[in-house]
Every structure is written in C-alpha cells, then in structure tokens.
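First comes one chain, alone, set out as structure tokens in the form predicted alone.
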C-alpha cells in the first residue's frame, strides 16, 4: 500500500446516530477530503451476497471490495433491514474483515490525488484503521437525542416504527458495538470527545473546524 505524505487524515468513531456521518461529510467538503462511511462497506457486501444466485467465494468477495466506488455506498437500499442483518453476519467473518480493513487503509492513506487527504468514520477507525491519523475524534450524544434523530430519519424513509423501538434498537446496537470480539467501539486516549447532544450540525462543525484549523496552522503555517 502506498502512503501519501503530507495529507490531512481524520479518523472518527461514534455510536450510531450521534452525527458522525454528517460531520464527516462537512469536514470532507470543507477540506477537500475523500470521505468513506466504513460501515456501508459491510452493507454493500451483505447486499451482494443476498442478491447473488450462487455462493460467493472469498476471491470474488475480495475483488468486489477492491473495486468498490464511493458512489456505490450511497444507495438507499443499503438501509434495508435484510441488508443490515446480512452485513452484521459477514462482519464477524475474520477473512472478510481483513479484506475490508485493507480497503479502508488504502482509502485513508492513499486517496485519489484530487483530494487533500481523507476522513473515515465508523467504530474502529481511531483504534485500528487509522492509528496514526492527524486528527482523531470520538463523536457522541445521549441516547434520547440519538433515538430522536434516527426516528426522524426512518420516518422520512416511510418506515413504520416507534420512537421507543428505535431507542431499544440503539441500546442493543451500542452493547454489541462495544462488546464485540473484533475491534470494539471505544474512545482512544488520543481522541477528542465531541458531544453533539446540545449542538446543532453547524455548531458541531464549528467546534471541530476550530480544533483542526489550530493544528493545521501550526503544521503548515497557514490554512
């Protein structure tokens, strides 16, 4: 794997519905960074396995992962429940996890030349995928706020679900993410905590931008 020098690398970990994806997109747009929603990779592979009429070999799965385009990860069909279930199963497979890990690291440290760097968000980005990232953030919010945010998202997609069901689902997911055998969600000591519970999207980004600009100014002398 090639490692580009002097690029901006941003690693973000967070529990579900904390606003990490939104902030990662804002960071990528402002600083011209390649953005990768790492969880969507497992969903994409999960969807491919569901749709395949024959069993996919590891060789085929690796080829499909290596050829993933960012636009492939924007499909709303990746939010389907059956896709999520399939993704959760394959995410436990050590061999597939290694394929995904290699793809993530390539995106992180060798993004296309048109980008000034990369920003990745997920569950094990600061602790496993981008240990040497220039910036590390742990974005969170209290469970009530996260449940309301996810509930609004699902209602827009015309999903029939109650706020209580969403909160229960997030609590279960939090437990699984923090207690899974491989790469559990945790805040690393060198990650900066950003609690978005009482912050708007704009205020959250302003806080992150202030932190990044201060460090970039020290490194490059200007922004």
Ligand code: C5P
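Residue numbers count along the first chain shown, from 1. By rigid core we mean the largest C-alpha set that fits within 1.5 Å across both forms. Values in this document were obtained by computation on a predicted structure and should not be read as measured data.
The same protein has a further form, the form predicted together with the ligand, not shown here; the description that follows concerns it.
Student: If contact means any heavy atom within 4.5 Å, which of 88-96, 67-75, 107-115, 137-145 contacts the ligand in the predicted bound form?
Tutor: The contacting stretch is 88-96.
Student: Consider the chain as shown here, without its partner, and state which of 173, 155, 62, 186 has a heavy atom within 4.5 Å of the ligand in the predicted bound form.
Tutor: Of the candidates 173, 155, 62, 186, 173 is the one lying within 4.5 Å of the ligand in the predicted bound form.
Student: Applying a 4.5 Å heavy atom distance criterion, does residue 16 contact the ligand in the predicted bound form?
Tutor: Residue 16: yes, in contact with the ligand in the predicted bound form.
Student: Can you check whether residue 119 is within 4.5 Å of the ligand in the predicted bound form, heavy atom basis?
Tutor: Heavy-atom contact with the ligand at 4.5 Å: absent for residue 119.
Student: Does the ligand come within 4.5 Å of any heavy atom of residue 180 in the predicted bound form?
Tutor: Yes.
Student: Taking heavy atoms only, is residue 191 within 4.5 angstroms of the ligand in the predicted bound form?
Tutor: Flag for residue 191 set to no.
Student: Aligning on the core only, does the CA of residue 80 end up 2 angstroms or more away between the shown form and the other one?
Tutor: Yes.
Student: Comparing between the shown form and the other one on the rigid core: C-alpha of residue 45 shifted by 2 Å or more?
Tutor: True for residue 45: a C-alpha shift of 2 Å or more.
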